[in-house]
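Following this are structure 1 and structure 2, which are two forms of one protein chain, each written alone as structure tokens.
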Structure 1
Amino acid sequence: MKKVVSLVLALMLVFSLAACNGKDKAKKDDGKITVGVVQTNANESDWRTANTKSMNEAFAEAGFETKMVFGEGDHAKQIAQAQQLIQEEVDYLVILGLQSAGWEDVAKAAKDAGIPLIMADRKLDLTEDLYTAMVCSDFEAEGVKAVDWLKTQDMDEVNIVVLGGDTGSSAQLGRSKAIEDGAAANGWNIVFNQNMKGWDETLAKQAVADLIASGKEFNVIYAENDNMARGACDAMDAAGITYGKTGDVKVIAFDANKWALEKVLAGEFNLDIECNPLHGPRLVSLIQSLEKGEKIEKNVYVEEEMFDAETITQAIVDARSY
């Protein structure tokens, strides 16, 4: 008897779910475009906050309906969320992956469902036929910019401390690869190369303090985000080591948050390379082109600016919105 009841209940549940789906379909016909966004974390950094805000604002302005979900550090969760959005039959699926691997099944499911898949922020390991478009930061190119800048610095000996981000994230992989290749090609020493869990300021600070205490000589800090660069500077402050425009150690940072640009302006950071978080408008124009059936450029790399302490001005800092 119990079993029969539970069977009936289970069937009812299935039907009601099916009914829900039906409703979703009905909604689609009102002409509004629904965009499903799989975002990484809600609040991981200032950069991410600006990134999320940009998408929400741009989509709302364009009259899209946004369904944004957050993986909160969990790669598997992101994949499940993407599958769920496909189930809900969104019109476009935008993925900002925590990790670059493991997205094939999601991409195939989206393709089968006829949902265009757009990779944003970070490039995923997918073959060309599995996605519709890409609006990504080219992290390696960012790193190469830093390497090129370092070449112009005319130093006798280059001893680099690499403070990496979360192991395995595409930003860490790209930026670390650029400096590793650059060091090999130019005969620079990498005296330290470790990844800090969670791009964390405190960990970076402790790592640099340990290096100083061990008596390791270095004259370049290559921090893969602004926060870790700040942590490294704190550690050097505490040990009386000078850095920046007038100091012994050159500090290279990435992301270029507004507060970091202020540090560049103050001469504390030598170089900050932008990683533009304002994906919203770009995504909107891309989706609108797709709607109109226009031809699009499949792989778009975001244009990144570079801020040098020698050339930065107050106006540039003031223009920064995040």
Structure 2
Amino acid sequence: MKKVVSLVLALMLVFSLAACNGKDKAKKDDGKITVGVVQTNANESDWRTANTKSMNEAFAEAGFETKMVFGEGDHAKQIAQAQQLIQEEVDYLVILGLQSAGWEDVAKAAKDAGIPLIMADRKLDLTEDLYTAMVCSDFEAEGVKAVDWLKTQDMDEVNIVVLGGDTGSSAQLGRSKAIEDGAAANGWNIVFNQNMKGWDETLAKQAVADLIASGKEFNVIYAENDNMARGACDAMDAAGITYGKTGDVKVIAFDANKWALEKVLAGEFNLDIECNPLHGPRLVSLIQSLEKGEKIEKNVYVEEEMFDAETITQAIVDARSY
């Protein structure tokens, strides 16, 4: 009788272990790693399009299954989407947050479920015990590059229009902080400072048109993405205001899409600070290292350049892949 009981207990233990490891076994049997991606918006900007394409292509090439969802400007929707992906038991959860704050419950749920959480593009306000890795841009450092460049321009008076991105996103917070701190330290005037929901080109154009109509004078556009810089230029064109390399208003943009670098080369934008969207290969490499049990660098900031109308070349533009 004791032998029968022992056998039953042993079988129960085997079945229990099999149930606990069912997810890992399924992944091994079908050869697929499932990556859940909480993306911001589908058509937010040229940068975001390149970012989404990079992940989809790299994940497909690596043989991953991708479950990508889009927040479409709604932070609460992103939170719900992340929780749903956790319920679906994805193997990895990659988050590109519309806002930096408010992700603690998601991170705790992922941790409890044994799902590594990776922050991509934008850093979230999480303690290091609540995420596995970060592959992001240093947005404040990007802004500091622009501030340092502006200090070299030998301007008698600096009146800045700040066209910010989505309020509360790490990109907006970092880039805005840099120019606000730079203005305070150097005696510059910020004559307009407003965030554009969705990093929207049309909203930026209208804001600058309204500013011009009000009679407010400015000589620097600090647009926190390429599209908003283009919108600002369209408004200045309509008002007959010159800008760029030979004009009255200096134009500083961020992201450095290929079409925007063409504007730098043409002298329409004075400066463009790179924010590299090609995170797909980096995320694949990171996930593959985690699969092998290798030690990884937890916090990685992407190396990024800046492009000046005085020094950019056609070869630089031609080499751009996005």
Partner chain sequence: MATHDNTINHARSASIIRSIVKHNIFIPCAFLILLLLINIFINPGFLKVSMGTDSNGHPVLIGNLINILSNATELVILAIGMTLVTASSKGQDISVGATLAISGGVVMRVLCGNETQPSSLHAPIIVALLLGCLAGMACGAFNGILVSRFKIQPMIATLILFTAGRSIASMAMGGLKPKAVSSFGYYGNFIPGFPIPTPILITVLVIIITMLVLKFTNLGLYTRAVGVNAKASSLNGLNPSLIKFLTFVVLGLCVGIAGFVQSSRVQTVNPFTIVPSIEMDVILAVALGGNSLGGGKFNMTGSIIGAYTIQTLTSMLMTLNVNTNAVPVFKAAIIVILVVIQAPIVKAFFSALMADLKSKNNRGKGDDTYVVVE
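Note that the rigid core is defined as the largest set of C-alphas that superpose within 1.5 Å between two forms. In this text the structure is predicted, and so the values were computed from the model without any measurement. Counting starts at 1 with the first residue of structure 1 and goes up one by one along its sequence.
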Next on the checklist: Quick check on the two chains I just loaded: which one is the form predicted alone, 1 or 2?
Outcome noted: 2
Checklist entry - Whole degrees only: how far is the smaller rigid part turned between structure 1 and structure 2? => result 11
Checklist entry - How much does the C-alpha of G215 move between structure 1 and structure 2, in Å, when the core is lined up? => result 4.1
